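One chain follows as structure tokens, the form predicted on its own.
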Amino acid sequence: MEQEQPKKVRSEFIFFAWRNAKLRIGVSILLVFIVFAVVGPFLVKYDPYEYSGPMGAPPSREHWFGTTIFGQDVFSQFALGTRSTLTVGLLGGCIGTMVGILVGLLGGYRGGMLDEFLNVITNIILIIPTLAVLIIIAAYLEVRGILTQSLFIGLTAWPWAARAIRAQTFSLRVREFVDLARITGRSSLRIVLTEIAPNMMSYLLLVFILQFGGAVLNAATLDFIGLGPTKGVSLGLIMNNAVLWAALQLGMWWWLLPPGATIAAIVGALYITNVGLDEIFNPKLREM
């Protein structure tokens, strides 16, 4: 019977996931961009900053997304930029989620002075304007890379997740199965990892998706104002250069539209996926 229960839960999840249109649409869009981020750079024929064609040329067979005002291939920049943006979103989202889980679970389960200390730190970071901090840090770093950007975005995005997870942990730590685990003599760490965290997996997945989308937006914002990676290319940097050199005024929509639409599509797909998963995990919201 114990083995049949997980199978029943998986079957139920698959059944409702397949019926949920929002989840299907969101995941499909995300998979398209993830596959493109993996495969796209192998389709690149030109160096992203190489002067490879006529200046400001529209899309053609030679240059699928046209060229910049300097004759650089936009598709080459777009393919590599999509990979960079998704990488920053994934790494930044993972860091923010992991820190939020650690702080939320420890504070929520242990309580007392540890919880008070972690709560003070969380509140301090929560009231600090995240974007302003990222701008200041990025402005003072002479060399910036994808890993550095991901680290700073993740380390400034965790407070709201920590507070939400802390509240969930408070409600779970007084449940009977947790009390039973304490009676058996299990350590606090083992109880948190084996009893509390597994019962929050659906919620933690939703937190990660929101962190992922937030990291993509923060990275795009920093790149757009010229504080992105000092080497390489990203979707935000493409938009920054396009706006800087008046692509819209010159009618060069192919330089500005693809990266902007892609950022909007990725963040929108993550939001739709989050809503779809929420409807599946919450029986009251399920579509029968």
Partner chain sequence: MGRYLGRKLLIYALTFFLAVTIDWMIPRFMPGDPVSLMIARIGTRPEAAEVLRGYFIQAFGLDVPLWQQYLNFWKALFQGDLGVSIWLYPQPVIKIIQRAIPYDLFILLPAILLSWFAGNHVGALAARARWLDNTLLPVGYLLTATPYMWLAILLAWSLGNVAGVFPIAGAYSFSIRPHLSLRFILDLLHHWFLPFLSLFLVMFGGWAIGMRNMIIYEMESDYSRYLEALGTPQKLIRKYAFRNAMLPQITGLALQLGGIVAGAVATEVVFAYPGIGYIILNAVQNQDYFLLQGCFLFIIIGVLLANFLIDIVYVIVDPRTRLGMTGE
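As the structure is a computational prediction, the values presented were derived from the model and not from experiment. Numbering follows the first chain given and starts at 1.
Separately, the form predicted together with the partner chain exists; it is not shown, and the next lines address it.
The listed set Ile183, Ala132, Val174, Met113 contains one residue whose heavy atoms approach the partner chain in the predicted complex to within 4.5 Å, identified as Ala132. Taking a 4.5 Å heavy atom cutoff to the partner chain in the predicted complex, the contact residue among Leu43, Met55, Val35, Leu244 is Leu244. Just one listed stretch, out of 87-95, 136-144, 69-77, 100-108, contacts the partner chain in the predicted complex at the 4.5 Å heavy atom level, and that stretch is 136-144. Using a 4.5 angstroms limit between non-hydrogen atoms, Asn123 touches the partner chain in the predicted complex. Within 4.5 Å of some heavy atom of the partner chain in the predicted complex lies at least one heavy atom of Ala261. The partner chain in the predicted complex comes within 4.5 Å of a heavy atom belonging to Trp253.
For Leu257, a non-hydrogen atom is located within 4.5 Å of the partner chain in the predicted complex, even though that partner is not displayed. Contact here is defined as any heavy atom lying within 4.5 Å of the partner chain in the predicted complex, and by that definition not a single one of Gln168, Met200 and Tyr203 is a contact residue. No residues of 200-215 lie near the partner chain in the predicted complex, the criterion being any heavy atom within 4.5 Å.
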